[in-house]
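Given as structure tokens, the chain that follows is alone and in the form predicted on its own.
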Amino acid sequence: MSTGLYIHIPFCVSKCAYCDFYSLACGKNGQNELKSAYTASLCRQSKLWGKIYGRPSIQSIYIGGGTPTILPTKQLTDIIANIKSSFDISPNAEFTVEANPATFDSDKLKALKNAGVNRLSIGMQSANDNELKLLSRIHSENDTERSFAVARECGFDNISLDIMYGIPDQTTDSFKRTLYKAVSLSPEHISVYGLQLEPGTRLFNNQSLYAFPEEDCEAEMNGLAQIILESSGYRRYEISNYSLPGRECAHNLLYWNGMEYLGLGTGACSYRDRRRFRVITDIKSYCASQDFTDVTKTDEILTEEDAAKEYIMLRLRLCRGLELKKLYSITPNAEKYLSRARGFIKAGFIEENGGYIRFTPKGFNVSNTLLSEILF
């Protein structure tokens, strides 16, 4: 079975105002001893889990964070070399590293490319400096252009840009500017995320101080993204993701197809044999652990029906939708879920075609509500 590998790097220059991922703000050159200790622990966990899980065949690798490119180049390449020695990496595996535009240069990218990284995910977020400042991003619009050009010069031919809508004070015109700027750079993949106010973040705690776009305005922005990106040759293949033909993110597709994955590093999650488990978000305990059993916690063990429900939910995130033949093969309750789904067909939220059911663009806008009705 195809397996994905996720590696979490919990260091950032500074904490973004919207981010609830586990990360430590340490400036560009701070916490060097902790970074070294963390790198050593990642390598140790990689070797151990490679043995425990029998060197599984890895089809996709994703180094995320945090900001992976804040690590010194030698530490990043050591982690990659250790992964390669610990797991059976498929020759055509997609290998992504997340990058903030203000945290890498050509030397770092060349080293990553030589180490086997073949895809970059660059956190653009916006093409408007006032919006970037509000989000506490450390880069500017010019940084995005410069870093993208550097990545191309270093030979990266598979680059994704992340952009965001729903930012305070954002307008449809400013979001259009972000969309057109992203398209002008000609990345292979563009992710379009609505800003989520997560408890504990600065934006959440101070939301009363900001003017957020109204719900109708956010829906308009989402619609604009589809119109502008599809007219520019990008195909929407998932609720929030667009790509040029054949450039869909293999790692994300692995998640959405309900495949197994292993997560290395503090805060990283894994899914194997219907068991979901994670490493606790405590970097000091992680670095001190010898076998990682003391810092790995089981969140849940899914029943067959739980797994079936999750598969339905994940597949319906994809524009291709859920194959009916597959649905009948994974659950005896297929007709129950289908009868609920068909109730939304007349309203234009779902369509059934070619042996699949899928959300329409109208349905994607209220997908969470529809999924709740279908599954529960």
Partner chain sequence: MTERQFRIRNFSIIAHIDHGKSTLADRLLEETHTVTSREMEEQLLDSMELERERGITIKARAVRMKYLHSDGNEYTLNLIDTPGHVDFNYEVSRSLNACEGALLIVDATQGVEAQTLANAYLAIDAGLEVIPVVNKIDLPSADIDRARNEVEEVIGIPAEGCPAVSAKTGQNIVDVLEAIIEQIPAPKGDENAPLKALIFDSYYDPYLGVVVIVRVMDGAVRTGDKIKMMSTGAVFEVTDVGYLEPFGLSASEALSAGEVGYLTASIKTLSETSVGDTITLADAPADKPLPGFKKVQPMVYSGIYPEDGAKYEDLRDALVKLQLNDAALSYEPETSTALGFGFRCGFLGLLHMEIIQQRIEREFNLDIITTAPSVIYKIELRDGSSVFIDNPSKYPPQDEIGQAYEPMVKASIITPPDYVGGIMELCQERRGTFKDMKYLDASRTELHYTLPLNEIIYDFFDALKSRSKGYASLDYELIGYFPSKLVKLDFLLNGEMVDALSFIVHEEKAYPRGRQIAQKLKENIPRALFEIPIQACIGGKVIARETVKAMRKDVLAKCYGGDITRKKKLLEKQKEGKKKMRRLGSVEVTPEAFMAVLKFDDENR
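Model, not experiment: these values are computed from the prediction. Residue numbers count along the first chain shown, from 1.
Not on display, but discussed next: the form predicted in complex with the partner chain.
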Any chance all of N142, F156 and A250 sit within 4.5 Å of the partner chain in the predicted bound form, going by non-hydrogen atoms? no
Which residue, D107, E198, E230, D169, has a heavy atom that falls within 4.5 Å of the partner chain in the predicted bound form? E198
D78, E260, E188, E218 - the one with a heavy atom within 4.5 Å of the partner chain in the predicted bound form: E218
Name the stretch: of 144-152, 70-78, 203-211, 294-302, exactly one has residues whose heavy atoms fall within 4.5 Å of the partner chain in the predicted bound form. 294-302
Check whether Y193 has any heavy atom within 4.5 Å of a heavy atom of the partner chain in the predicted bound form, and answer yes or no. yes
Evaluate N368 for contact with the partner chain in the predicted bound form, applying a 4.5 angstroms cut-off between non-hydrogen atoms, and reply yes or no. yes
Quick one: does M313 come within 4.5 Å of the partner chain in the predicted bound form, counting heavy atoms only? yes
Would A37 sit within 4.5 Å of the partner chain in the predicted bound form, counting heavy atoms only? no
Who in 37-75 is close to the partner chain in the predicted bound form, meaning a heavy atom within 4.5 Å? none
